[in-house]
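Just the one chain here, the form predicted alone, laid out as structure tokens.
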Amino acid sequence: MSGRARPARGATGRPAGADDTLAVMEERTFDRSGQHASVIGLGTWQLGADWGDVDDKEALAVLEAAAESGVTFFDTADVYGDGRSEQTIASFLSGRPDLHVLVATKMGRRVDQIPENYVLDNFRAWNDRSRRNLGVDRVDLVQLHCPPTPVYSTDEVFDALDTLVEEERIAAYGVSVETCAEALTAIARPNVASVQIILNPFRMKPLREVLPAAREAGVGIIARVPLASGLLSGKYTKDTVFAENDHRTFNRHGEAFDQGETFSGVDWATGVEAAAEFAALAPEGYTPAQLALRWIVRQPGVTTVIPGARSPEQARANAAAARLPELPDATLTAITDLYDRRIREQVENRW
């Protein structure tokens, strides 16, 4: 599926000949493509840009910590640091041929956001650049990166993506969406392997229609923004200040891109108060962030969730959530009640 050799999988699903020092994590399948991903993956936006500064050494250490913790799915995009995130992943994986990691990238946000730009010639050019950045002949999974809504209903767009598969430039394709309506339109496309959507305890709307439709169609769900841009870690107060080059400063009201990508679209004051309530629900042995991740992993239809991490310690803690005990029913009920009381009205009419 790429320029790196992929080890064959043994009876347990673990690649034959894999490094036995690596932790083992549950993997789930993208049914339409037959690809596998750890239930907790790694989002790598922060290794490129827009989350403050992360130097190259620290970025590589994050990738190493995630892999050692059993993570087998990295999500990136050509626009993260204008290719820096893709290049960092390539640098890491080139030195670790023993690893089985499914790498998903995204394309389409480096040009004006008009449907006319979503054509085969551009797809080939964008794909060429990502293949160079990732150091591969064929990209495992390419996703349209939250394109204009009409793109999801355009036959020619998906014909072009099918062409990339036929030309062996990509192994499979999916979409990243902003709204539940976009997700449902994409799921109806026969060759869409995955839908990436914001899903967390502050964004529950996808549970009602999107996840059931994806399960029925065999489409994988990649849950992004799982910690509501860090809100659900319980670490922030109303006085917290982020760096100027952090999207939590410059996109708080949707100034640079969709507002839902920052704090899941919840206003800062409400989000901080609700996050404090959420943190108090964490069972013994859980951090608030692990509670959020474990809640997502247990939702039927979720293939993988992709928290970011800016340090090796964060990467290890995120991965550890996959091995925590099942959440008590009382905790699950309290999370839903919190959402209904504090969050639902803010987000469900927009996304």
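We number the residues from 1 along the sequence you see. These figures come from a predicted structure and were not determined experimentally.
Only in words, not in the display: the form predicted in complex with a small molecule, which the text now covers.
Contact segment among 119 to 127, 276 to 284, 236 to 244, 187 to 195, judged by heavy atoms lying within 4.5 Å of the small molecule in the predicted bound form: That would be 236 to 244.
Non-hydrogen atom within 4.5 Å of the small molecule in the predicted bound form for each of 59, 78 and 132: Heavy-atom distance to the small molecule in the predicted bound form: none of the three under 4.5 Å.
4.5 Å heavy atom contact, residue 299 and the small molecule in the predicted bound form: No.
Distance check, residue 71 to the small molecule in the predicted bound form, heavy atom within 4.5 Å: No, residue 71 sits far enough from the small molecule in the predicted bound form that none of its heavy atoms falls within 4.5 Å.
Partner proximity in the predicted bound form: residue 248 to the small molecule, non-hydrogen atom cutoff 4.5 Å: Because a heavy atom of residue 248 falls inside 4.5 Å of the small molecule in the predicted bound form, the answer is yes.
4.5 angstroms heavy atom contact with the small molecule in the predicted bound form for residue 225: Flag for residue 225 set to yes.
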